[in-house]
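Just one chain follows, in the form predicted alone, and it is written as structure tokens.
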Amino acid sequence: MAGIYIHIPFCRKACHYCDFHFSTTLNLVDEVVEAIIVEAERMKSYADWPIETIYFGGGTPSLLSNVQLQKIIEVLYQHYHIKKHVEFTIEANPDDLTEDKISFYANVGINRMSIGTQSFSDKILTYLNRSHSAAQTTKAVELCHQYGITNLSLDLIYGIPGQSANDWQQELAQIIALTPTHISCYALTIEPNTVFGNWSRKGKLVKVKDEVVESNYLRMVDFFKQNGYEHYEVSNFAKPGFISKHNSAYWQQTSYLGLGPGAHSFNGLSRHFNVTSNPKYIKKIKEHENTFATEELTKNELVTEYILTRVRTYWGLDFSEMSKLFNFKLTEHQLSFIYNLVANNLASFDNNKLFLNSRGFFISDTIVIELIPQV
């Protein structure tokens, strides 16, 4: 299920927790859009496979004008084999989603929206330095339904300092009330090069205790399951039939093309990394230079990626498939570790497949370290 990812590296405000590549200086938006169009034309031979998913991410793709977005969409359809029933997603901030914009999205074939909700508390939204209000999220969802875009993914953040257990329960109830088809929930991570990272170093922010974060996570998992959502990846939940096809392709090592500053591409054997500087990206496009560096992946790196991604999903880690693909064999240490996971009610091991449960998902990063082969 190959796809195309387009990174739009601009935001109106810098959220206090975000360390993705983006800029709040918007004077280069037009030039980046034109550069992405040129890159799309140049890279058409790289992605000569049928395209089943298109994903505009960022940054904040919804701040693009309709004209800017239309230009990129046109070049994609001109140069790539995009399948008829493509899953076409755009990430959006609620405050961008006017009636005119949503109507335009529906008309150009966007059929899935990922709305950056993060919280239904205006106090928390201000603390996170988000640009929208809780009311704007509700209004955006209503407008999407009005214009026929009903495949909606909403995001939440938990483990926020000052957020009580009752606050979190209210967040869960409010997101369910909007009946999204998909929900993504992430624990707040304090990244060094962010406002929160600076506050943490100065003692102005105290990280929430791990046991509180775990309690929030397990409560969330149970609540969503009770309301008909499948827990198909560590941080992602979907109504039956509505998993993110695009993101699932990442977790299943399917080829994809990334366009735009900071975007990555993968063809099964190597990975491209686009330069993470908007001016440098524009300059390289104008001077007909490669915008990316290439990393040829070793067998050990491919095995590592397989483990890192599959163990996080409800598809599980298939050691028989790994044996066929990579001639991988479980060591005595790894096998003993897996049996300990099962004994401690963190996973099941059936037909040579490892499946983490909710408690296992929560500590999956630690589990992965023990499963990755040591060179």
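It should be emphasised that the depicted structure is a prediction, and the values quoted were computed from it without experimental measurement. Quick note: we count residues from 1 along the sequence shown, nothing fancier.
Keep in mind that the form predicted together with a small molecule is not shown, yet the notes after this line are about it.
- The small molecule in the model of the complex is approached by residue 116, whose closest heavy atom lies within 4.5 angstroms of it.
- Proximity of residue 313 to the small molecule in the model of the complex falls outside the 4.5 Å heavy atom cutoff.
- Contact annotation: residue 191 falls within 4.5 Å of the small molecule in the model of the complex, judged by heavy atom distances.
- Proximity of residue 195 to the small molecule in the model of the complex falls outside the 4.5 Å heavy atom cutoff.
- Between 79 to 87, 183 to 191, 167 to 175, 289 to 297, the stretch whose residues reach within 4.5 angstroms of the small molecule in the model of the complex through a non-hydrogen atom is 183 to 191.
- This chain appears without its partner; in the model of the complex, the one residue of 60, 68, 334, 309 with a heavy atom within 4.5 Å of the small molecule is 60.
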